[in-house]
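So this first bit is one chain, no partners, the form predicted on its own, shown in structure tokens.
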């Protein structure tokens, strides 16, 4: 099976090499596929690389078989969904803006990176059955303590789950994670369901829903 992340560049065009903290995404994909051996300290000591590896590992564990099956049978999904999802994860792991954290000693400055928040959101969403988070958008000045922040989550729902129930569970789970682990003043969490995908069982060769 051809991995749907492998795309040949159009004739005459050079495919851009996407890098994360000095490492190409192909290098990181291969490192994960090899069980993260031999140990590479340059990768393991990079926050951005670790975020990418964690997100990709969860994606492969939960939904990769189903999505690759659909990519083979629905080529448009390959370009518009799977590739777009991986691109989004790659963009999210870059540090982004610094989010200040309160400390009782004014001489001490603590910050949380925007990438870490995206990682937190994605980890919370990935823990839910029947939900595949596509992208997150934080709207507001996250660099200012107490500034109102709105969050938009775009996701796909596994076929067979109730859309309203999964969307509400996603919203509540992410809101709880942000309240527990950050000091962001999140005033709203909007959920957009943009797609439905087949689960592993339904997408397995010979499965009734995969025919």
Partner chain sequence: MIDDRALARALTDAVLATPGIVAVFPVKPILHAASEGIANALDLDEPEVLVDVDRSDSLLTVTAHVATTSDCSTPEVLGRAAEALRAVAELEGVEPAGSIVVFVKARLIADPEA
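Numbering follows the first chain given and starts at 1. What you see is a predicted model; the values in this text were computed from it and never measured.
Not pictured, yet referred to below: the form predicted together with its partner chain.
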Distance check, residue 143 to its partner chain in the predicted complex, heavy atom within 4.5 Å: no
Contact of residue 98 with its partner chain in the predicted complex (heavy atom, 4.5 Å): yes
4.5 Å heavy atom contact, residue 150 to its partner chain in the predicted complex: no
4.5 angstroms heavy atom contact with its partner chain in the predicted complex for residue 91: yes
Residues within stretch 96-118 having a non-hydrogen atom within 4.5 Å of its partner chain in the predicted complex: 98, 101, 103, 105, 107, 108, 109, 110, 111, 112, 113, 116
